[in-house]
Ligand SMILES: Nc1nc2c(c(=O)[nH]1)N[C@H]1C(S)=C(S)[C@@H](COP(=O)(O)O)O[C@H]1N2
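A single chain comes next, written as structure tokens; it is the form predicted on its own.
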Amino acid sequence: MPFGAARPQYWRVRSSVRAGLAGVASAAVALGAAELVAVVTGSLSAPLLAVGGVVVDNVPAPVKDFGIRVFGVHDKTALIVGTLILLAAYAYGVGVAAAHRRAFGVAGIGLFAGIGVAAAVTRHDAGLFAWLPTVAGAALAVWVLHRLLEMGSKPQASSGDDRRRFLKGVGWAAGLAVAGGAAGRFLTSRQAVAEARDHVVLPAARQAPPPVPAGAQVPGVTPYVSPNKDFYRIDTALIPPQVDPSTWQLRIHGMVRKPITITWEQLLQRPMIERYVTLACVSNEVGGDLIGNALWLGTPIKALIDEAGPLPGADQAVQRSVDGWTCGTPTEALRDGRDALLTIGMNGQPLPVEHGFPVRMVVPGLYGYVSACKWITEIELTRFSDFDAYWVPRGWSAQAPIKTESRIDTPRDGSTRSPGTVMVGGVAWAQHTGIAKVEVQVDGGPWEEATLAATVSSDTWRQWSYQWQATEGDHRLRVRATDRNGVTQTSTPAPPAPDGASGWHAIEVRIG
């Protein structure tokens, strides 16, 4: 009997639960099989990642802000888990519908396949066979659903043997799904850049960074230098792009007199410098932790852009990632003498893959979404009036210098301390300008000046401390910073969109 034909009495599945489980199992097999096929066609052609990428690209800014606010650096994991839950619910319904008429199952799987194919073939640099993982997975799902529904139907549906046979089939399907997905991820990682990164030998810096001075670290405050494993990660990539340095190239073109292309080996021959630079995400809330300080090894991008020769009016340098993401940096900010680097090292190691290996940009004083392109492969000189980078059409500002901000790290909000001297401490930042003063206020009283810790340069955050003579009761502490231009951070609260949050960080502390 044709699979899509109306079913006779034999096909009737007694339990809608069994039919739903059959649908979920078939969807799981589809995803596992697609991961295996995507080893050949490219990991981003797998339907889960392709559809997730479309969601990331098109999600409204308020939804993005909510996700980052709730899940922080785990926002992509939350997206994938949420997508899997929705897919499981959809597949359950497909299974139930297919138990009544098999054509409904084929149609449901076909709809899923159509969405996956459309997402895969429209991704940046989609290959000729980007559609294949979804189609292969869908075809296998149709067969698995057919077999499982057979197992869960008459003539022996009420017997224990039949139930065991059905559950065994679901178990086999789940096992195949897990095995396929795990094998796909494993084989992708084997093809990935982990081994290549392990063999990278970073060149020595011709200019060493200023040493971190004694006293830069205040007890109880976040580390002055953020370890690589703890450095925040906010980007649009569901999985980090895998870029082999042996094939990496950077093309500088557009409004230039002489377009140039450099390879990885040519990049390693260029003069390298090391600098401590603090990076901040524009999505960081007041008092948030989407900020970190690291030692970066790279070559000044100014020299490369000068070699290309920008034409008059080229006020924007559009950086492009290997996955098509773009950010637009003021050309002047790359040539005004600040340590804007084409970076290959982070805290003495090759860049971690999730932080842009093999090459990324680091520009002091600008939020990451307008400057810090990871997995960079292209810089196009153009005008702000001619091109809007990725986040601009989504409601974010085209140019976004980092706002002066400060944060209380200790004591923690809502904590309890004993009466007496309580050390209050935290960090303040005004990258590329520098912090001149930090003040603390208790219960709306006068502002008291804190003690500033030493720092490497104006391109990093600065720690501070304040000795508070705390008395019993509930207290509210606030902090504000003043930069070296004499400008005090604004007290006016503002959300991250469109150009960074503002306001004074406040905490509540109980003494007693």
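Start at 1 with the first residue shown and count on from there. Quick caveat: nothing in here was measured; it's all calculated off a predicted structure.
This protein has a second form, the form predicted together with this ligand, left out of what is shown; the following refers to that one.
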I'd like to check something about His355: if you look in the predicted bound form, is any of its heavy atoms closer than or equal to 4.5 Å to a heavy atom of this ligand? yes
Flag Thr83 as yes or no: does it have a non-hydrogen atom within 4.5 angstroms of any non-hydrogen atom of this ligand in the predicted bound form? no
Are any of the heavy atoms in Tyr276 no more than 4.5 Å from a heavy atom of this ligand in the predicted bound form? no
Check whether Asp323 has any heavy atom within 4.5 Å of a heavy atom of this ligand in the predicted bound form, and answer yes or no. yes
Name the single residue among His432, Arg407, Arg233, Arg102 that comes within 4.5 Å of this ligand in the predicted bound form, judging by heavy atoms. Arg233
Answer with one of Ala389, Ala280, Ala196, Ala130: the residue that has a non-hydrogen atom within 4.5 Å of this ligand in the predicted bound form. Ala280
Interface stretch in the predicted bound form with this ligand - options 173 to 181, 329 to 337, 364 to 372, 205 to 213, non-hydrogen atom within 4.5 Å: 364 to 372
